[in-house]
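In structure tokens, the next block holds one chain alone, the form predicted on its own.
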Amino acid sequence: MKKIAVIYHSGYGHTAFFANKVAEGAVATKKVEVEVLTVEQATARMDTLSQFDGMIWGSPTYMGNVSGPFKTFMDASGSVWMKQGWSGKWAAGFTVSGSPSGDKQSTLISLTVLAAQHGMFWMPLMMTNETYAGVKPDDAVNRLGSSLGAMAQAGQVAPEVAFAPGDLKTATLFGAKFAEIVATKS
């Protein structure tokens, strides 16, 4: 069975909550094994991350880009890059911020560049904003209109109540789609 890792940083718990929803979607397919790792755990295991067939990376958007701890993980991956240890594997990404935009696109671009530098295949979101089909905005998949990866907006409340239902639905569908691709295309 193929293996994927969901690797994330979360400053206040919101990105961790979203990461676990992504993992739930992947697990539900029963086509991959899933391991959820913080960036600190992943950095400590950098030499063994090549055992995964795919990685989904998640970072909050801070000041228009990945968080400092996520950037530390990215920089630490240089040792793997030197050996092209992730080349030919799958990658995807997601980000969470407190506002609808929050310059989240910049975060997804940073994750995409990381995948490209490692010679990885990038899976975009592949979901149309459901508001175009008449779904209420808060309930709509991809309600924020992203293409490059998953985006979510979290209110300044506890993670369990911070997300619109559509964002959580996007997370589980995103994880499931990634699992399907890794299981069939790797």
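Sequential numbering from 1, following the sequence displayed. Note that the coordinates shown come from a computational prediction; the quantities given were computed from them, not determined experimentally.
Absent from the display: the form predicted together with a further copy of the same chain. The rest refers to it.
Segments offered: 30 to 38, 48 to 56, 157 to 165, 122 to 130. Contacting a further copy of the same chain in the model of the complex at heavy atom distances within 4.5 Å is 122 to 130.
Within 4.5 Å of any heavy atom of a further copy of the same chain in the model of the complex lies no heavy atom of Ala5. A residue is said to contact a partner when one of its heavy atoms sits within 4.5 Å of a partner heavy atom; Ala42 fails this definition for a further copy of the same chain in the model of the complex, lying far away.
Using a 4.5 Å cutoff between non-hydrogen atoms, Met151 counts as a contact of a further copy of the same chain in the model of the complex. Taking the partner from elsewhere, Val66 is found to have a heavy atom lying within 4.5 Å of a further copy of the same chain in the model of the complex. In sequence order, Ser87, Gly88, Trp90, Gly98, Ser99, Pro100 are the residues of 85 to 100 having a heavy atom within 4.5 Å of a further copy of the same chain in the model of the complex; the partner itself is omitted from this view.
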